[in-house]
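Below are two forms of the same protein chain, given as structure tokens: structure 1, then structure 2.
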Structure 1
């Protein structure tokens, strides 16, 4: 998330960062902020990475870091909300469910490590605990996104959502190698659900969004895109 953010950054030049520690250019009131100590540690860690030659961008400026932390907390709250909804959905009779009607007895696991090209962690893995006789258990993954897309134009929206859908399929779809103890092994993921936070974050052009979602759901097999 830090890599993708477009907030203002400092130079990645090691000499510059050493000559400009956080305390030197701290904005008024920053050093008394609850996140200031965390920001200083972040700056120190980024400097160490750059000194070691680790591929990394220059550290975010203070205002960019605050925005990043706000996005992170918002995303975490959305994830917690969706996990609670899925657990409540799983407890309902199958005919009354909104999300998990394709499961007889769904088991919900969160932050499950799985590998394809590299190690990633699915927000949610749903496993069928009562599969049909002789059939492997159905498995689906969920990826939750809390992106502010209300002001994106159609081209930017299309590009972002395509990238998110392709990424969800690449990391959490098709055949994956689950790394969680007790669940290890190659499995087939029947469907990936890419769920965006709605409300004020939802694109303002509803008609264009509906057309784009229809196109994505038809073109990228194995991924279902929707807004909550």
Structure 2
């Protein structure tokens, strides 16, 4: 019998898999990882097929699974793309900017820890380096979301976008306590921008989306929703 216990894959033996459920061999910290629940589902699906006698493969170990999945995380790429766009925008003369028109000289910081209810990391914090005299520097935060919203019905879309906007405001808006060394302290965030990835992930009906955007942007103060 092949156990494959040292290779990248686990055995396809049902009794072995049952005796070694994912949580039993989980390395420290794995169970808190965002991909862990997906990994557990993957293991369960593979085990179910093997139990039915389907000639399935032995599943990947957690380490290999994590490494593989980590190379194709869409949200991470979108975030990198947006940060690059913001940096390019910041370098333009103010009148030509698309995103950062309200800043004289914007400085862009990424993954900035801030506490309100609990510790969260804002994707981007923009700080005014040349505030008008006597004024505290303007600060804005950005939250990027790579969410497939193409097939959501109108109420589901509304509920999702409201939850995202409320969440962005709660964690990265109003008054926050910045934890990044050198920037520490209580500051007022003038505006939170919630930016969704567009393209094929965007809802396809323009009118439906526009109605929601109008309602969100017109009626939730301090947060602005956009599609890229």
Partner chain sequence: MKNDNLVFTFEGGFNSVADPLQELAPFLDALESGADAWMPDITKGKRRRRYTRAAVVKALAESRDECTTSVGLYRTTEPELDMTLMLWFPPQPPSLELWLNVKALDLFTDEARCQAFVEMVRAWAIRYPVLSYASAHSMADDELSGDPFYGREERVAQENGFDQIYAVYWLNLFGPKLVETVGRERMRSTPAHRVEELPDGSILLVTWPTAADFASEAARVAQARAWVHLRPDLDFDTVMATLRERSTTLAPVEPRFAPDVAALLSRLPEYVSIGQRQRRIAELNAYVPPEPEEWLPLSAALPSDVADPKAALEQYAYFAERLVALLHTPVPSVLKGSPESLTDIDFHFWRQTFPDTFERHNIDAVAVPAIGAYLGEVLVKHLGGQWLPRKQWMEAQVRVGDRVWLPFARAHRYMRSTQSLLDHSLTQLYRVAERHSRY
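Note that the rigid core is defined as the largest set of C-alphas that superpose within 1.5 Å between two forms. Numbering follows the first chain given and starts at 1. Computed from a predicted model, the values in this text were never measured in an experiment.
> Just one of these is the form predicted on its own; is it 1 or 2?
Structure 1, not 2.
> Rounded to the nearest whole degree, how much does the smaller rigid part turn between the two structures?
146 degrees, smaller rigid part against the larger.
> What is the C-alpha shift for residue 72 between the two structures, rigid core superposed, to one decimal in Å?
Residue 72 C-alpha displacement between the two structures, core-aligned: 6.9 Å.
> Quick one: CA shift at residue 13 between the two structures, core fit, Å?
Residue 13 is displaced by 21.1 Å at its C-alpha.
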